[in-house]
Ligand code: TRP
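Taking the form predicted on its own, here's one chain by itself in C-alpha coordinates.
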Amino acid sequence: MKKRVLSGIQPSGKLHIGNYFGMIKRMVEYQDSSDLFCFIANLHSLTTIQEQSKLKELTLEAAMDMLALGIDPEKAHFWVQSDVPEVAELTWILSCISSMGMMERAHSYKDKIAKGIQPSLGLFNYPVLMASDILIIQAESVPVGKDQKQHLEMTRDLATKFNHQFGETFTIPEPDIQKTVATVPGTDGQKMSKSYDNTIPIFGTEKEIKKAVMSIVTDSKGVDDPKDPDTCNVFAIYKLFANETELKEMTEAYQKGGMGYGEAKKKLLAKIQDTFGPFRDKRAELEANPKKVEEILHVGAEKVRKISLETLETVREKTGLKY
(Lines give C-alpha, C1' and ligand atoms only; values in the text may rest on other atoms or scores of the structure.)
Protein backbone atom coordinates (compact mmCIF):
# COMPACT_ATOMS: atom_id res chain seq x y z
CA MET A 1 0.00 0.00 0.00
CA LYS A 2 1.43 3.39 -1.03
CA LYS A 3 2.33 5.96 1.61
CA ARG A 4 -0.11 8.87 1.86
CA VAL A 5 1.75 12.13 1.15
CA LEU A 6 0.33 15.65 1.47
CA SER A 7 1.56 18.92 0.03
CA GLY A 8 -0.01 22.27 -0.76
CA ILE A 9 0.85 25.50 -2.55
CA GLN A 10 -0.48 28.95 -1.82
CA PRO A 11 -1.96 30.89 -4.75
CA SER A 12 0.06 34.02 -4.11
CA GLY A 13 1.49 34.95 -7.50
CA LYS A 14 3.23 33.72 -10.63
CA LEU A 15 5.19 30.50 -10.23
CA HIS A 16 8.91 30.75 -10.78
CA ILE A 17 11.67 28.23 -11.41
CA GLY A 18 12.55 28.23 -7.71
CA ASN A 19 9.04 26.88 -6.97
CA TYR A 20 9.49 24.20 -9.61
CA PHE A 21 12.83 22.84 -8.44
CA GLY A 22 12.06 23.39 -4.77
CA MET A 23 8.67 21.66 -4.61
CA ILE A 24 6.62 21.06 -7.76
CA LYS A 25 9.03 18.75 -9.59
CA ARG A 26 9.20 16.67 -6.44
CA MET A 27 5.40 16.50 -6.17
CA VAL A 28 5.10 15.24 -9.73
CA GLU A 29 7.62 12.49 -8.94
CA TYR A 30 5.63 11.52 -5.83
CA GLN A 31 2.60 10.67 -7.97
CA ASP A 32 4.15 7.39 -9.07
CA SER A 33 5.69 6.35 -5.76
CA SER A 34 3.03 7.54 -3.29
CA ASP A 35 -0.65 8.26 -2.75
CA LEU A 36 -0.31 12.01 -3.33
CA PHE A 37 -2.71 14.63 -1.94
CA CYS A 38 -1.91 18.03 -3.46
CA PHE A 39 -4.05 21.12 -2.87
CA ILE A 40 -4.29 24.85 -3.54
CA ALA A 41 -4.13 26.48 -0.09
CA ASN A 42 -6.43 29.46 -0.66
CA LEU A 43 -7.60 29.64 2.98
CA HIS A 44 -3.98 30.20 3.96
CA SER A 45 -3.66 32.91 1.30
CA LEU A 46 -6.60 34.76 2.85
CA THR A 47 -4.21 35.87 5.61
CA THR A 48 -2.49 38.17 3.12
CA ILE A 49 -4.79 38.46 0.07
CA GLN A 50 -8.18 39.97 0.84
CA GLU A 51 -9.21 41.22 -2.58
CA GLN A 52 -11.99 39.02 -4.00
CA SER A 53 -11.11 39.15 -7.70
CA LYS A 54 -7.39 38.72 -7.04
CA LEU A 55 -7.78 35.62 -4.84
CA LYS A 56 -10.21 34.00 -7.30
CA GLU A 57 -7.87 34.68 -10.21
CA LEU A 58 -4.75 33.47 -8.40
CA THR A 59 -6.50 30.28 -7.23
CA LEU A 60 -7.48 29.24 -10.75
CA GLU A 61 -4.10 30.26 -12.13
CA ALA A 62 -2.30 28.15 -9.52
CA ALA A 63 -4.47 25.17 -10.45
CA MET A 64 -3.69 25.63 -14.15
CA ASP A 65 0.01 25.99 -13.36
CA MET A 66 0.14 22.77 -11.32
CA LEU A 67 -1.78 20.79 -13.93
CA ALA A 68 0.43 22.14 -16.72
CA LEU A 69 3.59 21.22 -14.79
CA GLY A 70 2.55 17.60 -14.43
CA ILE A 71 0.08 17.10 -11.58
CA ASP A 72 -2.21 14.37 -12.91
CA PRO A 73 -5.71 14.20 -11.35
CA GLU A 74 -5.87 10.54 -12.39
CA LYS A 75 -2.82 9.78 -10.22
CA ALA A 76 -3.19 12.34 -7.41
CA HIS A 77 -5.93 13.91 -5.30
CA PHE A 78 -5.98 17.54 -6.45
CA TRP A 79 -8.35 20.15 -5.03
CA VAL A 80 -8.83 23.65 -3.63
CA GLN A 81 -8.65 23.91 0.16
CA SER A 82 -11.86 25.92 0.63
CA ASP A 83 -13.87 23.28 -1.28
CA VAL A 84 -13.37 20.94 1.70
CA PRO A 85 -15.08 22.89 4.53
CA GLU A 86 -14.51 20.06 7.00
CA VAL A 87 -10.95 21.31 7.42
CA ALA A 88 -12.29 24.57 8.92
CA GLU A 89 -14.34 22.67 11.52
CA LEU A 90 -11.35 20.57 12.49
CA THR A 91 -9.27 23.75 12.79
CA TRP A 92 -11.66 25.06 15.46
CA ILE A 93 -11.60 21.78 17.36
CA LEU A 94 -7.80 21.62 17.33
CA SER A 95 -7.64 25.30 18.32
CA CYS A 96 -9.44 24.35 21.52
CA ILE A 97 -6.59 22.05 22.57
CA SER A 98 -3.77 24.27 21.29
CA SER A 99 -1.85 26.00 24.06
CA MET A 100 -1.09 29.71 23.74
CA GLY A 101 2.52 28.98 24.65
CA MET A 102 2.96 26.68 21.66
CA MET A 103 1.37 29.19 19.30
CA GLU A 104 3.45 32.08 20.61
CA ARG A 105 6.64 30.13 19.93
CA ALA A 106 5.86 29.84 16.19
CA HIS A 107 8.71 31.71 14.51
CA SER A 108 6.90 31.95 11.16
CA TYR A 109 4.33 34.36 12.65
CA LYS A 110 7.08 36.57 14.05
CA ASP A 111 8.97 36.50 10.74
CA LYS A 112 5.90 37.54 8.74
CA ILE A 113 5.07 40.38 11.12
CA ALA A 114 8.70 41.54 10.86
CA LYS A 115 8.28 41.66 7.07
CA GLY A 116 5.33 44.03 7.45
CA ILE A 117 2.40 41.63 7.10
CA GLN A 118 -0.56 42.89 9.12
CA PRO A 119 -0.99 40.73 12.25
CA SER A 120 -4.32 38.92 12.50
CA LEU A 121 -5.83 36.03 14.40
CA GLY A 122 -5.82 34.01 11.17
CA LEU A 123 -2.09 34.56 10.68
CA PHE A 124 -1.46 33.64 14.32
CA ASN A 125 -3.58 30.49 13.97
CA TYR A 126 -2.00 29.50 10.64
CA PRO A 127 -0.17 26.44 12.10
CA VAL A 128 -3.45 24.96 13.37
CA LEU A 129 -5.05 25.25 9.92
CA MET A 130 -1.96 23.57 8.49
CA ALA A 131 -2.31 20.82 11.09
CA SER A 132 -5.94 20.30 10.06
CA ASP A 133 -4.97 20.03 6.39
CA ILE A 134 -2.58 17.23 7.29
CA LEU A 135 -4.53 15.36 9.95
CA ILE A 136 -7.96 15.35 8.31
CA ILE A 137 -6.71 13.14 5.47
CA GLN A 138 -4.50 11.07 7.81
CA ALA A 139 -1.32 11.97 5.92
CA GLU A 140 1.65 9.79 6.76
CA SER A 141 4.34 11.97 5.21
CA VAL A 142 4.63 15.71 4.58
CA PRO A 143 7.46 17.09 2.42
CA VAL A 144 8.53 20.35 4.06
CA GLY A 145 11.36 22.82 3.85
CA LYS A 146 13.27 23.94 6.90
CA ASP A 147 10.99 26.98 7.22
CA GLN A 148 7.94 24.71 7.74
CA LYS A 149 9.58 22.11 9.95
CA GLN A 150 8.37 23.76 13.18
CA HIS A 151 4.79 23.81 11.90
CA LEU A 152 4.93 20.08 11.25
CA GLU A 153 6.31 19.50 14.75
CA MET A 154 3.31 21.45 16.07
CA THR A 155 1.02 19.21 13.98
CA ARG A 156 2.61 16.12 15.52
CA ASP A 157 2.19 17.59 19.01
CA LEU A 158 -1.48 18.37 18.41
CA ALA A 159 -2.18 14.91 16.99
CA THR A 160 -0.43 13.24 19.94
CA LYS A 161 -2.29 15.43 22.44
CA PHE A 162 -5.66 14.72 20.82
CA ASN A 163 -4.99 10.97 20.67
CA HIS A 164 -3.97 10.94 24.34
CA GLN A 165 -6.97 12.99 25.46
CA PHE A 166 -9.72 11.48 23.32
CA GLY A 167 -8.35 8.15 22.07
CA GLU A 168 -6.42 7.08 18.99
CA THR A 169 -7.72 9.13 16.07
CA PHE A 170 -4.97 10.72 14.02
CA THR A 171 -2.00 9.32 12.15
CA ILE A 172 1.16 11.01 13.40
CA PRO A 173 2.74 12.45 10.22
CA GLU A 174 6.45 12.19 9.52
CA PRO A 175 8.39 15.13 8.06
CA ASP A 176 10.05 14.47 4.73
CA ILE A 177 12.86 16.99 4.57
CA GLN A 178 14.75 16.64 1.32
CA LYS A 179 18.45 16.51 2.08
CA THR A 180 19.55 18.00 -1.24
CA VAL A 181 16.95 20.69 -1.88
CA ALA A 182 18.35 23.05 -4.47
CA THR A 183 18.52 26.64 -3.27
CA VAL A 184 17.74 28.44 -6.48
CA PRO A 185 19.35 31.89 -6.56
CA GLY A 186 17.29 34.78 -7.82
CA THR A 187 18.41 37.36 -10.33
CA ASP A 188 20.05 39.35 -7.50
CA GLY A 189 21.87 36.38 -5.95
CA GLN A 190 19.54 36.00 -2.95
CA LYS A 191 17.21 33.00 -2.70
CA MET A 192 14.65 33.23 -5.50
CA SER A 193 11.44 34.54 -3.94
CA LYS A 194 8.46 36.66 -4.92
CA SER A 195 9.16 38.62 -1.71
CA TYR A 196 12.48 39.82 -3.15
CA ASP A 197 11.12 40.48 -6.65
CA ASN A 198 14.04 38.49 -8.09
CA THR A 199 12.27 35.62 -9.84
CA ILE A 200 12.34 34.06 -13.29
CA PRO A 201 8.69 33.22 -14.09
CA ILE A 202 7.81 29.87 -15.63
CA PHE A 203 4.71 31.09 -17.44
CA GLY A 204 5.67 34.68 -18.12
CA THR A 205 5.90 36.01 -21.66
CA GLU A 206 9.09 35.32 -23.62
CA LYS A 207 9.99 38.98 -23.17
CA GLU A 208 9.52 38.78 -19.38
CA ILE A 209 11.61 35.63 -19.08
CA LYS A 210 14.39 37.02 -21.27
CA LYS A 211 14.45 40.27 -19.31
CA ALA A 212 14.73 38.35 -16.01
CA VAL A 213 17.53 36.08 -17.24
CA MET A 214 19.55 38.93 -18.76
CA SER A 215 19.27 40.89 -15.50
CA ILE A 216 20.99 38.19 -13.39
CA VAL A 217 23.72 39.86 -11.36
CA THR A 218 27.32 38.82 -12.15
CA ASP A 219 30.79 40.10 -11.29
CA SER A 220 32.71 42.45 -13.57
CA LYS A 221 35.03 39.92 -15.27
CA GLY A 222 35.47 40.46 -19.01
CA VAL A 223 34.92 37.97 -21.83
CA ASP A 224 38.52 36.71 -21.87
CA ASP A 225 38.89 36.47 -18.08
CA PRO A 226 38.66 33.04 -16.39
CA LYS A 227 35.53 32.80 -14.23
CA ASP A 228 34.60 30.80 -11.14
CA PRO A 229 31.47 28.67 -11.78
CA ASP A 230 31.06 28.08 -8.03
CA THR A 231 30.38 31.76 -7.33
CA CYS A 232 28.32 32.62 -10.42
CA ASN A 233 24.52 33.03 -10.19
CA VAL A 234 24.06 32.24 -13.89
CA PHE A 235 25.97 28.96 -13.56
CA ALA A 236 24.09 28.04 -10.35
CA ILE A 237 20.77 28.22 -12.22
CA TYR A 238 22.14 26.63 -15.41
CA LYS A 239 23.25 23.49 -13.58
CA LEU A 240 19.64 22.80 -12.54
CA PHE A 241 18.78 22.26 -16.20
CA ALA A 242 21.99 20.91 -17.76
CA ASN A 243 23.08 17.29 -18.19
CA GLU A 244 26.59 16.14 -17.22
CA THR A 245 28.10 16.83 -20.64
CA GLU A 246 26.62 20.33 -20.85
CA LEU A 247 27.73 21.08 -17.31
CA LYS A 248 31.29 19.95 -18.05
CA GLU A 249 31.43 22.10 -21.21
CA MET A 250 30.16 25.17 -19.38
CA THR A 251 32.60 24.63 -16.50
CA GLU A 252 35.55 24.41 -18.89
CA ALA A 253 34.41 27.51 -20.78
CA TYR A 254 34.22 29.45 -17.52
CA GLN A 255 37.60 28.33 -16.26
CA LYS A 256 39.62 28.95 -19.43
CA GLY A 257 37.96 32.25 -20.38
CA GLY A 258 36.69 33.35 -23.76
CA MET A 259 32.97 33.22 -22.93
CA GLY A 260 31.25 36.27 -21.50
CA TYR A 261 28.36 36.29 -19.08
CA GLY A 262 26.06 37.48 -21.85
CA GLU A 263 26.67 34.27 -23.79
CA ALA A 264 26.20 32.18 -20.62
CA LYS A 265 22.85 33.90 -20.02
CA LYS A 266 21.75 33.10 -23.58
CA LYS A 267 22.60 29.42 -23.01
CA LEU A 268 20.58 29.48 -19.77
CA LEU A 269 17.65 31.16 -21.53
CA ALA A 270 17.66 28.44 -24.20
CA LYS A 271 17.60 25.71 -21.50
CA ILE A 272 14.67 27.39 -19.73
CA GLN A 273 12.72 27.69 -22.98
CA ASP A 274 13.41 24.07 -23.97
CA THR A 275 12.48 22.71 -20.53
CA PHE A 276 9.30 24.67 -19.95
CA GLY A 277 8.12 25.01 -23.56
CA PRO A 278 5.84 21.92 -23.44
CA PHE A 279 4.49 23.05 -20.06
CA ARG A 280 3.69 26.46 -21.50
CA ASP A 281 1.75 24.85 -24.37
CA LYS A 282 -0.25 22.76 -21.88
CA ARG A 283 -0.87 25.86 -19.77
CA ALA A 284 -2.28 27.69 -22.79
CA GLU A 285 -4.70 24.81 -23.45
CA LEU A 286 -5.95 24.90 -19.87
CA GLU A 287 -6.32 28.67 -19.90
CA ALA A 288 -8.52 28.34 -22.98
CA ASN A 289 -10.76 25.86 -21.16
CA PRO A 290 -11.23 27.04 -17.54
CA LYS A 291 -14.41 24.95 -17.13
CA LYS A 292 -12.32 21.81 -17.52
CA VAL A 293 -10.02 23.00 -14.73
CA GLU A 294 -12.99 23.77 -12.48
CA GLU A 295 -14.41 20.30 -13.09
CA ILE A 296 -11.08 18.66 -12.22
CA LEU A 297 -10.99 20.63 -8.95
CA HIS A 298 -14.64 19.78 -8.17
CA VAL A 299 -14.09 16.05 -8.67
CA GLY A 300 -10.92 16.18 -6.59
CA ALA A 301 -12.66 17.99 -3.74
CA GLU A 302 -15.52 15.46 -3.68
CA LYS A 303 -13.03 12.60 -3.30
CA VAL A 304 -11.16 14.37 -0.52
CA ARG A 305 -14.39 15.32 1.28
CA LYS A 306 -15.31 11.66 1.65
CA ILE A 307 -12.00 10.95 3.35
CA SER A 308 -12.22 14.12 5.45
CA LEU A 309 -15.76 13.35 6.62
CA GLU A 310 -14.69 9.93 7.87
CA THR A 311 -12.02 11.55 10.03
CA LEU A 312 -14.30 14.35 11.19
CA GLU A 313 -17.10 11.95 12.17
CA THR A 314 -14.63 10.12 14.41
CA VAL A 315 -13.49 13.45 15.91
CA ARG A 316 -17.10 14.54 16.55
CA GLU A 317 -17.89 11.23 18.20
CA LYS A 318 -14.82 11.23 20.45
CA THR A 319 -15.11 14.85 21.54
CA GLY A 320 -18.84 14.65 22.33
CA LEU A 321 -19.88 16.98 19.52
CA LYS A 322 -21.98 14.16 18.09
CA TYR A 323 -24.75 13.78 20.65
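As the structure is a computational prediction, the values presented were derived from the model and not from experiment. All residue numbers refer to positions in the sequence shown, first residue = 1. Under this definition, the rigid core comprises the largest set of C-alpha atoms superposing within 1.5 Å between the forms.
FYI, the form predicted together with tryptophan isn't displayed, but the following is about it.
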Options 71-79, 96-104, 123-131, 225-233; stretch whose heavy atom lies within 4.5 Å of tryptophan in the model of the complex: 123-131
Triple contact flag 159, 163 and 319 to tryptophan in the model of the complex, non-hydrogen atom at 4.5 angstroms: no
Interface residue in the model of the complex among 218, 251, 171, 148, criterion: non-hydrogen atom within 4.5 angstroms of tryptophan: 148
Option touching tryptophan, based on a heavy atom within 4.5 Å in the model of the complex, out of 237, 136, 142, 200: 142
Interface membership of residue 10, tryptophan in the model of the complex, 4.5 Å heavy atom rule: yes
Contact test in the model of the complex: residue 44 vs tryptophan, heavy atoms, 4.5 Å: yes
Residues in 242-256 with any heavy atom within 4.5 Å of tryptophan in the model of the complex: none
C-alpha of residue 18 off by 2 Å or more between this form and the one not shown on rigid core: yes
